[in-house]
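Read the single chain below, which is given as structure tokens and is the form predicted on its own.
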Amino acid sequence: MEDRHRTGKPTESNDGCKVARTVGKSSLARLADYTTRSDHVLVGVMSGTSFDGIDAVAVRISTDTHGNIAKVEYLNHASIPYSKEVRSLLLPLCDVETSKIDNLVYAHFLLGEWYASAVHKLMGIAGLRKEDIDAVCIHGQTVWHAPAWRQLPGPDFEATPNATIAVHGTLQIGCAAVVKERLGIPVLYDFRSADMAAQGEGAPLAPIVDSLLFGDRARGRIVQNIGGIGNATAIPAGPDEAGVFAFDTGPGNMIMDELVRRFTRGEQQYDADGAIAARGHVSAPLLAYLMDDPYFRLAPPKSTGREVYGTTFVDKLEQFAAEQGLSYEDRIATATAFTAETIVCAYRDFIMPKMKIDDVVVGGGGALNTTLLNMMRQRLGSDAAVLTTMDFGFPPFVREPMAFALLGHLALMGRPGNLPKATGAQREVVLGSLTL
């Protein structure tokens, strides 16, 4: 009996019977005319190092007759918070002592389902059909970022036992094939690997969108994302794109969030509005202990992650704080001050000597932490105004997903998306992989 599918035609099987084969439209076929069109709609999907959930943003990108970006329009966004159970599955994957290969594999496919759900939610909010969206661009969930090089056995190890090769890498999980299967939309993913293959650090990758969205003719700006990790993009007035550079400033919300989880026994995941920190006092000895870290003296390009500032780092903080007899409020206040201090010190050491800065524009979860923003303002004084992306019409969680939508667009146009000055790569490269 023939089994016919809506999109397939009967084909001959080995036994001569006609069977149906569902032939879906491949990503290559669907995107065949992408470079010739002037209007594109993409969805960027981000789940950051805070492990708080998933953000999906719809973006319309208009191009001129030369294929250059003429306009980037934010359309809408949707968020899905991670459940406590999912977070408890993911966080141990970021620690060599607790990571298990079976959980890693299951989490990889599970997150594909979560990403697809986030996009479905966005499509409902924004009134978009799958036919309206050219591609979904997923960053994935970083479980390990290793920009430092390690010597390991090379390909000719058996012939030359002492041969080694320098490697580094990064791993973001979330199965793109699952996302495409659930949505029926082409998916771009694995954006960091191409930069690392070109000997870059694979981060930060957002500077290209920062210049487009926040650059100003008369004002030099720093766009500061404060997610799990903090990263800064320096944009000279003009904007002078040749002068744009970026780097990770250090921990963002990661340490504060871990302390809050411990303090509340998992009932709270973060310090809402910095309320707990506001009740505490900053410990000068603990702050000095935390600032004695070689990363902050390292000149850009540089990047870091949870593998450095995760639970092991917080354990050391806790031990020092206990010896000092500090309350949890004092510990969270000091951790908040630590993030503010590392950010502002990074500006004074690596950005302000090179360019005049008028504004700091904060995005990510840190933009909602009033205590953290006030600490940054106190440290900057009159040197720069501290704003948030909301002052420019962008909710705090949309900048990074927008960045990956833009990187996906550049990839589909065959154009590079990295900034070697920011990542340390030897050359510009096209970023991402495409599901077929």
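In this text the structure is predicted, and so the values were computed from the model without any measurement. One rule holds for the numbers: they count along the sequence shown, beginning at 1.
Note that the form predicted in complex with a small molecule isn't included here; everything after this is about it.
With the partner left out here, the small molecule still marks one of 280-288, 126-134, 188-196, 227-235 in the model of the complex; by a 4.5 Å heavy atom cut-off that stretch is 227-235. Residues 95, 295 and 304 are none of them found to lie within 4.5 Å of the small molecule in the model of the complex, as judged by heavy atom distances.
Checked against the small molecule in the model of the complex, the candidates 167, 242, 101, 272 yield a single residue with a heavy atom inside 4.5 Å, and that residue is 272.
For the options 406, 384, 368, 376, the one in contact with the small molecule in the model of the complex, meaning a heavy atom within 4.5 Å, is 368. In the model of the complex, the small molecule lies farther than 4.5 Å from every heavy atom of residue 388. Taking non-hydrogen atoms only, residue 257 approaches the small molecule to within 4.5 angstroms in the model of the complex.
Using a 4.5 Å cutoff between non-hydrogen atoms, residue 253 counts as a contact of the small molecule in the model of the complex.
The closest heavy atom approach of residue 364 to the small molecule in the model of the complex falls within 4.5 Å.
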